[in-house]
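Take a look at this single chain in structure tokens; it is the form predicted on its own.
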Amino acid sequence: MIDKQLRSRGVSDKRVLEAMMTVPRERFMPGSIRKDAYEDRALPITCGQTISQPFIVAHMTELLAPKFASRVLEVGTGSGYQTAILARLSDHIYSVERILELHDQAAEVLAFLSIENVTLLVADGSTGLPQHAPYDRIMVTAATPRVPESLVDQLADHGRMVLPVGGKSEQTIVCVDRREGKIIETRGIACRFVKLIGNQGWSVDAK
């Protein structure tokens, strides 16, 4: 996975590669598909959600550029795999999930792996967690139709947010940087994520 899927496609940050090498991806997946854990594709988990392909996880993490001192907000805990990767690279992660079953499953795996610098919450992640803001980094792991203003407001100066933005079937990875009060958006590669459901995402009945 590291050589064929990540390094060969331009992922070069040594800390990101080390995190991807040490976090056991199969632990975050149902037993029936663990044999496919290191294939370079998104895979179904539970509750109609997916675990992102390894390249996308590594690419977005590298773009986010978390530091050990960073306070990081993750919107969309999902399986908890991206959470675990970020936890290896940051001081503390606040991760929000709207689906209780996923929250509980992720909490169990993270505890099993003794990953303790994570606070997991059940809430509408599209509006962020203002009680712990500002955040040095924000990672959104579900697709939004537009950049949520609430999340931009919770980004610290010189902070960065990485998220998929676009339509229901295809999006673009966008970096949002706050620099001395200015907001700068940079568009990257195409991607495909499940929808971010919430007040500043898609409605629950969006097809």
Ligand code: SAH
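The first residue of the sequence shown is number 1, and the count goes up from there. As the structure is a computational prediction, the values presented were derived from the model and not from experiment.
Although it is not shown, the form predicted together with ligand SAH is what the next lines describe.
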| message | If we define contact as a non-hydrogen atom of the residue within 4.5 angstroms of the partner, is Ile99 a contact of ligand SAH in the model of the complex? | response | yes
Is Leu196 a contact residue for ligand SAH in the model of the complex, using a 4.5 Å heavy atom cut-off?
yes
- Query: Counting only non-hydrogen atoms and a 4.5 angstroms cut-off, does Ile51 reach ligand SAH in the model of the complex?
  - Reply: yes
Does at least one non-hydrogen atom of Tyr94 fall within 4.5 angstroms of ligand SAH in the model of the complex?
no
TODO: State yes only if every one of Thr61, Pro66 and Gly159 has a non-hydrogen atom within 4.5 Å of ligand SAH in the model of the complex; otherwise state no.
DONE: no
The stretch from 31 to 39, 51 to 59, 150 to 158, 176 to 184 that lies within 4.5 Å of ligand SAH in the model of the complex, judged by heavy atoms, is 51 to 59
Of the residues spanning 111 to 142, the ones with some heavy atom within 4.5 Å of ligand SAH in the model of the complex are Ala123, Asp124, Gly125, Ser126, Thr141, Ala142
